[in-house]
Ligand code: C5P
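Okay, so here's just one chain, in structure tokens, the form predicted alone.
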């Protein structure tokens, strides 16, 4: 158990679903195993949360389990590698199934968000330790958002002041996350959406622009520029 969680009297785990193919990124290997300034996305994302948790479970494609284990040697906390599923939800469920029984709180973090700052991770954990059931990092939406029909014509404009862009890590009480996945009615783009269906409040904390999701080759260029700036 980390010093942080020992003082709070809870045990914290992180789940990193990394079984996606990442077709938009290209490169011939799953997205999580793509290089970013000499280190894989997976290793960077694991490193981002490892100092703040007691154990990490990484869900990867079947053929990549051995590679993942090799990549993650020397991580700041114990890491368990499991076979992920065809969807994000299946990967999270597979990881939840093998968490140690003493784990009370779970962070779910995208392998494609390798640059999330420590301040975001600690903000999520602080709210969970204060009693929140579910916590997500959020950023204000800067762009104007419009409804567009199938013909490409604008049919309406959204009020962006009521919207937020959600990042990871998303944090949950373990029992609530497990309950949300058991009751999942359909595929969701994040775990918080499943918790929302249960009617459980989801709290937001400030996100950070550096926690953006790497999806395209342009995102890799941006991430490497940021890493070069901080080197």
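Small disclaimer: the values here were computed from a predicted structure and weren't measured. Residue numbers count along the first chain shown, from 1.
The same protein also exists as the form predicted together with this ligand; that form is not shown, yet it is the one meant from here on.
**Message:** Please tell me which of 98, 73, 130, 86 lies within 4.5 Å of this ligand in the predicted complex, judged by heavy atoms.
**Reply:** The residue in contact is 86.
**Prompt:** Exactly one stretch in 155-163, 87-95, 134-142, 120-128 has heavy atoms within 4.5 Å of this ligand in the predicted complex; which is it?
**Reply:** That would be 87-95.
**Asked** Counting only non-hydrogen atoms and a 4.5 angstroms cut-off, does residue 107 reach this ligand in the predicted complex?
**Response** So residue 107 does not count as contacting this ligand.
**Message:** Taking this ligand as it sits in the predicted complex, is residue 173 near enough to touch it, meaning that at least one heavy atom pair lies within 4.5 angstroms?
**Reply:** Judged by the heavy-atom cut-off of 4.5 Å, residue 173 is well away from this ligand in the predicted complex.
**Request:** Spell out, yes or no, whether the shortest heavy atom distance between residue 207 and this ligand in the predicted complex is within 4.5 Å.
**Result:** Outside the cut-off, so no.
**Asked** Do residue 31 and this ligand come within 4.5 Å of each other in the predicted complex, heavy atoms counted?
**Response** Residue 31: yes, in contact with this ligand in the predicted complex.
**Request:** Can you tell me which bits of 96-121 touch this ligand in the predicted complex, meaning any heavy atom within 4.5 Å?
**Result:** Read in sequence order, the residues that approach this ligand (within 4.5 Å, in the predicted complex) are 110, 111, 112.
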